[in-house]
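Next up is one chain by itself, shown in structure tokens, the form predicted on its own.
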Amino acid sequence: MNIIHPWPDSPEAAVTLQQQLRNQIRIQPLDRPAETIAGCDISFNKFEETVYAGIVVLRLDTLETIAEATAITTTSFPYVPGLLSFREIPALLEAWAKLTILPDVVVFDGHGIAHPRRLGIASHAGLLLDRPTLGCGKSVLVGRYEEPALERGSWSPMMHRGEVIGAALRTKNKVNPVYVSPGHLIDLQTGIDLMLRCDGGYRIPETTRRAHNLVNDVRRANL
């Protein structure tokens, strides 16, 4: 992991840091084809300090789960939309350190550059992990798009301030799209292709779905 900055202790300091880090993000094709992919998820009550994190690593060709790790941490950083990575990443880094297999690509339940300052959790974590990352969110943070066709695999670009920042991707026929955006060291088309390959028959790709189930199991076990 890259230790690229001290952790901010206020929303104002976090916004300043995002503005500084955004220039380090690199959107580019993968250096080599991905064979493994991980999903990350977080669970917390916005009014409490406990954060539950989970990471699940899958083989891309079979979608077999080959590794997983969890962590339970506490945070004092407040719940502020657009700054959630500062609450969530420390717990995910702790889970990451426990993985026995490190994935080629990491998917976050959130956004990459589809963010007001182009530094969503997938982009921020990509800088820290120094590996390809992308966001696959269930809702829009910023950007507008035209509704894609109803068939699985259809997508339309998400635009913000004249830039393409992601895609509204239909992962299942006649079901609401998910919102894919590159985080770091990956491009949009590759992110779209990977999310379609992680198909388990649900709207949400298997990476996110399995990480979500893992985190919920951990949270229930520790209530």
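If you're wondering where the values come from, they're calculated on a predicted model, not measured in any experiment. Sequential numbering from 1, following the sequence displayed.
Unshown form predicted together with the DNA; subsequent notes refer to it.
Partner contacts here mean any heavy atom within 4.5 Å of the DNA in the predicted complex, and among 103-111, 90-98, 149-157, 126-134 they occur only in 103-111.
At a distance of at most 4.5 angstroms from the DNA in the predicted complex, none of the three residues 55, 171 and 209 contributes a non-hydrogen atom. Among heavy atoms of residue 43, some come within 4.5 Å of the DNA in the predicted complex.
For the chain shown alone, residue 71 is not a contact residue for the DNA in the predicted complex, no non-hydrogen atom being within 4.5 angstroms. Mapping the unseen interface onto this chain, residue 139 counts among the residues with a heavy atom inside 4.5 Å of the DNA in the predicted complex. Contact annotation for 113-131: residues with any non-hydrogen atom within 4.5 angstroms of the DNA in the predicted complex are 115, 120, 121, listed in sequence order.
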